[in-house]
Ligand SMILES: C[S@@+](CC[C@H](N)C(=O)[O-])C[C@H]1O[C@@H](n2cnc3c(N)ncnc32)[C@H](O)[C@@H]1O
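One chain follows as structure tokens, the form predicted on its own.
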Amino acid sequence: MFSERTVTDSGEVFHDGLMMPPHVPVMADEVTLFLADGKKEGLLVDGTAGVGGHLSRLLRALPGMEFLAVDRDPAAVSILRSRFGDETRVTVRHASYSEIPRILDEMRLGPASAALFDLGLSSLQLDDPSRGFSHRCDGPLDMRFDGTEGDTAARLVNGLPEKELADIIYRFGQEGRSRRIAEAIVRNRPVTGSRELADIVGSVVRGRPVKVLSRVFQALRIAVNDEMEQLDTLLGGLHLWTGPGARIAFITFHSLEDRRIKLLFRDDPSYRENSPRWLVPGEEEMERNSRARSARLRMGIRT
């Protein structure tokens, strides 16, 4: 169960009465410039709307367009409805982006003329210890985007055979010491919280390097939320609900998802790569927002 949250008209999020660090949308200027280019009306789908950082910018830039805001996280959906409930151009739905075709069909909307997918975690998720996404603070090993369904990270960490756990860390975290890490986890079961898991990983890699911890937590999160399968489903059906000339933007944060989108825009005749094909945040943005450092914006146009 998530803690109580409220949101102000300006998008400030309060967690149990305390204001949480604001979520800063990554490359908001670049995303808006690309998606708004030549667009005056139609439907824009934000498939990972979060707390509405990009959405609020796009609403201002595209006064003639309708918007479908989708998110898998019930906490984010609650904030979106509080923040944009009076905006008649915005429809909010609680769902994975892989379910967008069903939603558009039910609402008799589409085809979309623009789409955005920010594949990174939001501050709403990372800064809440009760979600277990971060190794920087202690909390239960949950890591589910939707806390109402599926297995938690704790179930995987404490229940999987050692080889399967190592395979997850290697496949989704691209961590070469996956076998040693998995062996240490199994030896120290049960693992009850994120800090305990971080300490176990730190016992294997001296100095507890942040990069290794990030890879292990990333791998577990991807497995818990079935992220690669969800992304493959989205990419496989994207051409069915986007119209000719639709502008499509993805913000990626690791090579597993980035490569999939690169190949889609490069090799699938349903799309052509934008020029430039991709962008990274500028130095000023990276200094201002450390979470933007690994981001890449990939852009394609529906043929």
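Computed from a predicted model, the values in this text were never measured in an experiment. All residue numbers are counted from 1 along the displayed sequence.
The same protein also exists as the form predicted in complex with the named molecule; that form is not shown, yet it is the one meant from here on.
Although the partner is absent here, F217 lies well away from the named molecule in the model of the complex, with no heavy atom inside 4.5 Å. Residue contact check for A95: one or more of its heavy atoms lie within 4.5 Å of the named molecule in the model of the complex. Within 4.5 Å of any heavy atom of the named molecule in the model of the complex lies no heavy atom of G110. For S194, no non-hydrogen atom is located within 4.5 Å of the named molecule in the model of the complex, even though that partner is not displayed. Judged by heavy atoms within 4.5 Å of the named molecule in the model of the complex, the contact stretch among the candidates 64 to 72, 238 to 246, 273 to 281, 34 to 42 is 64 to 72.
Of the residues L119, L213, L156, V204, just one reaches the named molecule in the model of the complex with a heavy atom at 4.5 Å or closer; this is L119. Distance criterion of 4.5 Å from any heavy atom to the named molecule in the model of the complex singles out Q230 from the list Q230, S78, S178, T152.
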